[in-house]
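Next up is one chain by itself, shown in structure tokens, the form predicted on its own.
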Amino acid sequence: MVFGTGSSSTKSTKGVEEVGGNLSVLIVDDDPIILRIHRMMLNKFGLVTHVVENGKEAVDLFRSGSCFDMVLMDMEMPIMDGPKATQELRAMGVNSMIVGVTSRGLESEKQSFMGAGLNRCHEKPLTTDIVTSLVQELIKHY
């Protein structure tokens, strides 16, 4: 699968260092603490971040022409949950890397969420190691 919509000059890094370029991440979560944690971690890589509080807002952003290289999608949110939003984004042809985040630890729930069209799924909050791995995977495609 091809991720994102553009190209960027970046370098692979170990640890939390800026990767440069203009890679962007949409963080979709209704928990303000998780939003803050994930935004700070991604900003340490020099990534451009944008946040919304539910899946409908995420779908609406893409429908209005916004593009993001990666989407961190919470599973359970009001108005439109992560699985429904992910299905809608994939149906629209969005090929961004979509990473599910959930507070639920059951493997069956993660697999169900993956079935909506995710590239990865992790428990939240994400750790520095997971974010590092995700960013390195993302920049390999540019």
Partner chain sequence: MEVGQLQRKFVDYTASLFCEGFLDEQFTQLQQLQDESNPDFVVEVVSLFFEDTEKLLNDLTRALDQQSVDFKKVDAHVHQLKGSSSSIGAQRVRNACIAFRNFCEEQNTDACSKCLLQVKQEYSLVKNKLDTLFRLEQQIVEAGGAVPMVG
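Numbering follows the first chain given and starts at 1. For clarity, every value in this text was computed on a predicted model and none was experimentally measured.
Below, we turn to the form predicted in complex with its partner chain, even though it does not appear here.
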Item checked: Option from 86-94, 63-71, 31-39, 50-58 whose residues, in the model of the complex, bring a heavy atom within 4.5 Å of its partner chain -> 31-39
Margin query: Whether residue 103 contacts its partner chain in the model of the complex should be assessed with a 4.5 Å heavy atom distance threshold; does it?
Written below: yes
Notebook entry, point to check: Any chance residue 127 has a heavy atom within 4.5 Å of its partner chain in the model of the complex?
Noted result: yes
Margin query: Since only the chain is shown here, I'm wondering whether residue 44 would be in contact with its partner chain in the model of the complex (any heavy atom pair within 4.5 Å).
Written below: yes
Check: Since the partner is left out here, which residues of 53-84 would have a heavy atom within 4.5 Å of its partner chain in the model of the complex?
Finding: 76
